[in-house]
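Below sits a lone chain in structure tokens, taken as the form predicted on its own.
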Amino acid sequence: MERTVRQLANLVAGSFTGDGDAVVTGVSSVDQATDGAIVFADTKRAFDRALASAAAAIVAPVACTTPDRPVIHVNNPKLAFARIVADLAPATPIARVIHPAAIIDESAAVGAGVAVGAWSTIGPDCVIGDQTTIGNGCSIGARVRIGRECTIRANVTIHERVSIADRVIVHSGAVIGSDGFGFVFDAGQFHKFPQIGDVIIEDDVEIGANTTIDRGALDSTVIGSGTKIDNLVQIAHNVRIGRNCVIAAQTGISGSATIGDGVMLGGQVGIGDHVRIESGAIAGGQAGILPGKVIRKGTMVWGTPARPMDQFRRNFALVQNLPSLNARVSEIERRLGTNQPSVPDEPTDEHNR
């Protein structure tokens, strides 16, 4: 597919400088750009790299201009580029058919234009909305509700009584509605606490591959609209996540945690049970938030136990200086003749016993 720079600028509601009739034939990263490709740059440094490439045109902020190349100017280059990609390299159309090897219970209600892949099963009393796609090998339990224009990739498991709204994407291997980790200890053994709640996933959520979302014990586990969840994330029972949150890979969220709107969680963040993270807060990668803690609105935390970023940086700097501080203290003690043992540089056999 081909577009002119002028056509693409109109598509993204931007302006352009340079030759508006220049033809763009594809999209590319800066490193792999060839003649005819369009790339994006969201910083001055990235713009300079784009200029050094063979790209035919660049999507960039308003302040970035050059006489050497057509430039489409927008406020958010990455977003504009995503729209250009969708236009120049659209996804392969999906055949709106139900495969003969799919098993659909006679009581299920399947909407218009639904696609169901081979070896997928749809249980009793399910409702599948119009134009939704269910890939190969999926298991959809009884009384599941899936809205319009959803995409359920191959090998997804959705257990009974899960409710999924419109335009939700669930990637392969995800499990939604499994039992939460709830047990009661008595007389020397663990007894399972009933996990009879449900899962509610609102509009425009994306759930990454091999992510697991447990059903509530007695109530609901809720994922708010617009939230994006990476691969390999664990969300425990009764967790409530707000709207437009971003949760990176290998994050674990323990039971009954509450997360507000617009929260950002970096990779490998660990959140204890009954934690409350207020709207707009950010937890840096590998932050550990202890059970019952409250992270206030707009706060950025890091470390374990998680602390506000300024405090974490001060503490980290002090820890880095401990070896030199130990040497100074040892020297002072030597001069004073106190003969106090210093901290050894390496563990001794005594420490390992």
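The shown structure was predicted, so the numbers you read here are calculated from the model rather than taken from an experiment. Residue indices: 1-based, along the sequence shown.
The form predicted in complex with a further copy of the same chain is left out here; the points below concern that form.
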In this chain shown alone, the residue from Gly270, Gly224, Gly216, Gly129 with a heavy atom within 4.5 Å of a further copy of the same chain in the predicted complex is Gly270
Among Ile98, Ala82, Ala108, Ile200, just one has a heavy atom within 4.5 Å of a further copy of the same chain in the predicted complex, namely Ala82
*Are any of the heavy atoms in Lys228 no more than 4.5 Å from a heavy atom of a further copy of the same chain in the predicted complex?*
yes
With heavy atoms only and a cut-off of 4.5 Å, decide whether Thr17 touches a further copy of the same chain in the predicted complex. no
Point to revise | Contact label in the predicted complex: Glu206 to a further copy of the same chain, heavy atom within 4.5 Å | key: yes
- Message: Residue-level contact is defined here as any heavy atom of the residue lying within 4.5 Å of a further copy of the same chain in the predicted complex; does Val156 satisfy this criterion?
- Response: yes
Across 112-129, the residues having a non-hydrogen atom within 4.5 Å of a further copy of the same chain in the predicted complex turn out to be Ala118, Trp119, Ser120, Thr121
